[in-house]
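Only one chain is shown below, in structure tokens, and it's the form predicted alone.
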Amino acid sequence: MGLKKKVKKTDVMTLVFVILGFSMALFIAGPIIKLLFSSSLGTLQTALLEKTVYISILMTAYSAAFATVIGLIFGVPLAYLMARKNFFGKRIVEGLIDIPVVIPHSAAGIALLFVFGSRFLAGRFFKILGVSFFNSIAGVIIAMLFVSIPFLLNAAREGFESVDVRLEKVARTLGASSWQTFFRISLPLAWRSILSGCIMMWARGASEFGAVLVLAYHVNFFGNYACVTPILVADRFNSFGLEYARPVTAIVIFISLAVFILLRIFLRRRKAK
């Protein structure tokens, strides 16, 4: 009797969790599904062929990819140090890594201007090199880099932490240098987490609105003046209403879903091998 009563209670709990979980899944999927199927293929094709739209999408993808490459070059070494070394101020650095996630991104754009604006130290230095961050593609890139780098740093750190330290020690014992150990042992074993972090960073950068709005509302992208896709969607909604903004929004969501589906398929195939 006691066992049956316990099983019944467990079933009730499972049922409640299923209802709550399904409600949350529906809350996430409902608006996306509704939006994706609210525009015909002809409407989506017409919107995609608009010069303003496809230039905006190309610029957004390019800027997010450029920011991700910078994040890889500078972020992976930091992630490795965080995973392998204990040093003074490590906890402070760990806290700093997550700050871009929690602060309002319009505030992040203002903060970046106080460093990379033409009147400030970093801005003056780069101006000598011919690089300006206000209303330029460089401004878009640093805005995306700032708000999205935590995703790559945290994923890469977890990847390196999952690599057995003993493998690195054995490699060093056998005569491998620290560089050889990193590139032949640590990096190959952590690459899946790093790739996942790169995709997340790219997607988060491509969806950034607030920081980019402050730094670079309209920029010259290879001879075409354009704005990133999130700003384009907001502009169309504010100026012309929901119907005009809907096709562009659907296209952006289609692209985002395609990227994540391809990532999942690729990682599963690699894991199966």
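Since the structure is predicted, the reported quantities are computational estimates derived from the model, not experimental observations. Position 1 is the first residue in the sequence shown; the rest follow in order.
As for the form predicted in complex with another copy of the chain, it is not shown, yet the points below apply to it.
K.L.:
Would S178 count as a contact of another copy of the chain in the predicted bound form, using a 4.5 angstroms cut-off between non-hydrogen atoms?
P.N.:
Within the cut-off, so yes.
K.L.:
Is there a non-hydrogen atom of W191 within 4.5 angstroms of a non-hydrogen atom of another copy of the chain in the predicted bound form?
P.N.:
Although another copy of the chain is absent here, W191 would stay clear of it in the predicted bound form, with no heavy atoms inside 4.5 Å.
K.L.:
Although another copy of the chain is absent from this view, report whether I110 comes within 4.5 Å of it in the predicted bound form, heavy atoms only.
P.N.:
Within the cut-off, so yes.
K.L.:
So, in the predicted bound form, is G42 in contact with another copy of the chain at a 4.5 angstroms heavy atom limit?
P.N.:
Contact with another copy of the chain, no.
K.L.:
With the partner absent here, would S23, L81 and A203 each sit within 4.5 Å of another copy of the chain in the predicted bound form, counting heavy atoms only?
P.N.:
Every residue of the spot touches another copy of the chain in the predicted bound form.
K.L.:
From first to last in sequence, which residues of 24-63 have any non-hydrogen atom within 4.5 angstroms of another copy of the chain in the predicted bound form?
P.N.:
Residues within 4.5 Å: M24, A25, F27, I28, A29, G30, P31, I32, K34, L35.
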